[in-house]
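The form predicted alone is given below as one chain in structure tokens.
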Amino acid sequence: MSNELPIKRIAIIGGTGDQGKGLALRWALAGFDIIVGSRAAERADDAAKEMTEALARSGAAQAAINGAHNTEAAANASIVVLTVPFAAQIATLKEIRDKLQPGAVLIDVTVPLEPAVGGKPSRVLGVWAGSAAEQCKEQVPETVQVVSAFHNVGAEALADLSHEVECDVIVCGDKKDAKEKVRPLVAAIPGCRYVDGGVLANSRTVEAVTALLIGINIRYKAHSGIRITGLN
């Protein structure tokens, strides 16, 4: 019997936060079964029920959204998305790394913003590994394929199901096949477009753009994203 789990199931670690919830809503609408992970299973269950009720009120068809402890969520999906604040990244990875399935794709959405040390959200912190995504890769087994994506997709835009999300999603990783597994997740969000960002080290630039966008959104009171021009 194969240990490979269906790609239609996505575990979102930190799924009780704003961005995690926004991604969960969009993917559930697209037919992906979602496991919302949290350090407290009860909080994950509450978030899952809240999102299920919100989707039911919208009248849209949806897949299942369930809550679980982080470790259970990580063990039961071949696609795992990490959406925790930077200050919690390493501790969370230590919690789940032994539960991650061999061959699983771990999508890191972490941005090293200054609020982790009491600073401004429009500034990034230096990371010894080079980027939060590279730090993530150092914390998990070599059998887990780490990519970075969805940094520049705002939580507010994701949560507003009445509108498309105007944003390209830059996906960085060292293995093309791992990046390709992220493509259907990007396509599942109306208005988003997949852009291959190259190697995982390029996450350093993409993460910094997030801080720039936050500053722009604060000044303009907007929910802006990014578009890469000239692509077919």
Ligand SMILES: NC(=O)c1ccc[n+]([C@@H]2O[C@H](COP(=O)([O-])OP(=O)(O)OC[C@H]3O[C@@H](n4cnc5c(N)ncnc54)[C@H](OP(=O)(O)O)[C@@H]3O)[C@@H](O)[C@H]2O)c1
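Bear in mind the structure is a predicted one, so any value in this text is a computation, not a measurement. Numbers for residues come from their place in the sequence shown, where the first is 1.
There is also a form predicted together with the named molecule; it is not shown, and the following applies to it.
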Heavy atom within 4.5 Å of the named molecule in the predicted complex - the one residue of 80, 84, 136, 147 that qualifies: 84
Distance check, residue 43 to the named molecule in the predicted complex, heavy atom within 4.5 Å: yes
Partner proximity in the predicted complex: residue 92 to the named molecule, non-hydrogen atom cutoff 4.5 Å: yes
The named molecule contact at residue 109 in the predicted complex, heavy atom, 4.5 Å: yes
Contact test in the predicted complex: residue 153 vs the named molecule, heavy atoms, 4.5 Å: yes
Proximity to the named molecule in the predicted complex (heavy atom, within 4.5 Å), stretch among 50 to 58, 191 to 199, 176 to 184, 33 to 41: 33 to 41
Residues of 214 to 232 having any heavy atom within 4.5 Å of the named molecule in the predicted complex, listed in sequence order: none
